[in-house]
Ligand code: G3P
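Shown next as structure tokens: one chain only, the form predicted alone.
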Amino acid sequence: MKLLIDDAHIDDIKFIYEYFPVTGVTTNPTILSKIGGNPFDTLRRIREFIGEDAELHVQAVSKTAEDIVREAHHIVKILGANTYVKIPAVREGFKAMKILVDTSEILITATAIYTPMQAFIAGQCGASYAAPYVNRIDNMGFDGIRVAQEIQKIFIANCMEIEVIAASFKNSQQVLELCKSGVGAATVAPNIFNALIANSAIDDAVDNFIADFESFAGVNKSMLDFS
């Protein structure tokens, strides 16, 4: 399962990249609204930092299929290859996906997915990813993890090339459950990234090893001080 950062704050992105194996960055209009200003200024900074080989997911916000198609071309023209255009999995979105797949090489992430059938149709339209909103589905009284797992099973059963890119997590346990299911990717907010390995028992074990070493080697000593 690939891990991506679901955020647009460049300092947070740099921090996560420094410590974790990350495939790219996903954004949406809500995330970009927290930065403000020209959205392409923010997105250019992200693209410059992560490089041209990393995935960058950017959402189109137009309402008609024809405008979504134009917006998709505009996004990719500015941000370059490996930019996935996020398109809502609704009727106009499906129409736009079909046009883009038939007429261009633009990569598509189907977004705003709450049901397995949305994901299936997006895959049939040629999308590369389907993004179920795990926690938002939970908040509607359903099981977001189960929905993402069902989507994964549908893709496998129908030999579809599209992958799940699960989004909207409230805790690290949700990420773990999807990791065990072998979904294609998960996009995770910086605070959830840090929670993936947060465990006082781990910290205590490391501290105890260091204390035991220093008890015979000396304070602030390491293996570098010996030969």
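Note that residue numbering follows the sequence shown and begins at 1. As the structure is a prediction and not an experimental result, all values here were calculated from the model.
Another form, the form predicted together with the named molecule, is not on view; read the next lines as being about it.
Enquirer: Of the options S172, S62, T42, S168, which one has a non-hydrogen atom that comes within 4.5 Å of the named molecule in the model of the complex?
Expert: Only one option qualifies, and that one is S168.
Enquirer: What stretch, of 68 to 76, 132 to 140, 151 to 159, 101 to 109, brings heavy atoms to within 4.5 Å of the named molecule in the model of the complex?
Expert: Stretch with heavy atoms near the partner: 132 to 140.
Enquirer: Since only the chain is shown here, I'm wondering whether S181 would be in contact with the named molecule in the model of the complex (any heavy atom pair within 4.5 Å).
Expert: S181: no contact with the named molecule in the model of the complex.
Enquirer: Could you run down 13 to 31 and flag each residue that has a heavy atom within 4.5 Å of the named molecule in the model of the complex?
Expert: Result: N28 alone.
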